[in-house]
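As a starting point, one isolated chain is supplied in structure tokens, in the form predicted alone.
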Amino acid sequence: MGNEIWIVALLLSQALLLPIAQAAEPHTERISGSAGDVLEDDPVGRLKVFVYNLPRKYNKKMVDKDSRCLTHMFATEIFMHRFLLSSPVRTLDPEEADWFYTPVYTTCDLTPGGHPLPFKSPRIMRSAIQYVAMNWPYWNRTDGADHFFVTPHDFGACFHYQEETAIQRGILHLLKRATLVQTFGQRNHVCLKEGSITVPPYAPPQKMQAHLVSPSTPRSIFVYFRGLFYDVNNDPEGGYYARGARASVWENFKSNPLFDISTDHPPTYYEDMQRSVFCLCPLGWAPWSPRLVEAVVFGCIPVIIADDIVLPFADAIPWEEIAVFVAEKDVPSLDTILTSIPAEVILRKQRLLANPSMKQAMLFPQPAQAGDAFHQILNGLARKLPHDRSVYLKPGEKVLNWTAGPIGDLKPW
């Protein structure tokens, strides 16, 4: 690409796009079509959820042992539990429940560096299901078909952080009939269960709120990214991590003045995103990351580089209208692709991103707020009702094989 295109793009970001927040103030563009209606749904009165009371070792004791669980990107399982305990959809009468929720924190076993270890997760989950099946009659009447679980690992209920191993493991057999609420979403993948509710990863709302800048701040950075380009510890030969997409970003654009990219994570990270027109959201080991949430919250147009990704709340958030999708093979042409987007298209995406309901749907605030990610999950569960009569088993009938799966998963926890 010639210097003249760089100059045009920089002028675009520094001149035409300066007043975006100000232009969005008089009116926020409403989400059109059914997506807008779904986004504004109120789940209260449309479903009732019974929350199992499990021994503390399955949930609260884990957080007491290591509070870092509260801030990592898998913390959805913790905050969903807390939300449901005080939610108006909760029922204390299991006989009137539409859904049953098992609060088990499978990502709260952390390394010294703070990364979740998935190796005990299948045993923890299996133990919790066994406890539920032995102490209440509701699991056994459907083999879990009217139960939902939050499984926010990299590859959901396959319980591993490396794709090849996750695929070999497959989804924990005892979850085959349940509905999964999971951050992982990739089309035609063994770790994405049909009927799953795909949700955003957890990003601390209070922390982001503390870093908001003035709405009149110029978006003077054209393309922004901070993160790994290579994972030398888990992928020493290179090329497997992010299927090479991140490496391609670095190799092609590390010296391009339009691209502010680095492995450094500065204290001004959130402020920088608010000064950027485009924020790269490439896949890592899994196709998603908290950058997607951060980009939407800070009004930075997400550039999604993750083939076959299933995006969170795709029936409520018009991703095609607010994001830019770039195929992994087209990363070397990223500069041309982004500088070719007409200014009016960029402006409309930014106006849509300025819609407060869009941002709210991506967050798990405490306390909960109308239209937030908690409510979008409940909306997803409500839309699955009523349960088909076929989910209820005949007396003595069993569908799931309790001894299926790797031998290690069958060990007691």
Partner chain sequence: MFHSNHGTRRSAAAVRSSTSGGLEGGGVGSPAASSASEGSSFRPSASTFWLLLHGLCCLISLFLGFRFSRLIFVLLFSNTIYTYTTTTTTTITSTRTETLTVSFPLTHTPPIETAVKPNNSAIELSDKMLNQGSSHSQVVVGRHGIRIRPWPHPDPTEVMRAHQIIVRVQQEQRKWYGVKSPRPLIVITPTYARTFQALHLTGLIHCLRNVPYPVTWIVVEAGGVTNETASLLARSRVQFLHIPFHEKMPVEWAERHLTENRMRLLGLRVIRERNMDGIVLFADDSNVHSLDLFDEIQKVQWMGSVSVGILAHSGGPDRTLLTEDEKLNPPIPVQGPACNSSGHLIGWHTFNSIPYSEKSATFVGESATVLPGKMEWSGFVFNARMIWKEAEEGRPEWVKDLDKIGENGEEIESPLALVNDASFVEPLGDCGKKVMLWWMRVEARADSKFPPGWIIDPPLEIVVPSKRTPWQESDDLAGGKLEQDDRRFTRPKSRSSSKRKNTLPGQDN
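Numbering follows the first chain given and starts at 1. If you're wondering where the values come from, they're calculated on a predicted model, not measured in any experiment.
A second form of this protein, the form predicted in complex with its partner chain, is not displayed here; the remarks below concern that form.
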item: Sole residue of Met125, Ala316, Ala203, Ala286 within 4.5 Å of its partner chain in the model of the complex, by heavy atom; value: Ala286
item: Residue among Pro266, Pro88, Pro137, Gly238 with a heavy atom within 4.5 Å of its partner chain in the model of the complex; value: Gly238
item: Heavy atom of Ala247 within 4.5 Å of its partner chain in the model of the complex; value: yes
item: Its partner chain contact in the model of the complex: Ile167, any heavy atom under 4.5 Å; value: yes
item: Exercise: Gln350 in contact with its partner chain in the model of the complex, heavy atom 4.5 Å; value: yes
item: Exercise: Val303 in contact with its partner chain in the model of the complex, heavy atom 4.5 Å; value: no
item: Whether Pro218, Pro257 and Lys329 all lie within 4.5 angstroms of its partner chain in the model of the complex by heavy atom; value: yes
item: Which of 195-203, 321-329, 143-151, 101-109 sits within 4.5 Å of its partner chain in the model of the complex, heavy atom basis; value: 321-329
item: In the model of the complex, residues of 172-197 near its partner chain [heavy atom within 4.5 Å]; value: Gln186, Asn188, His189, Val190
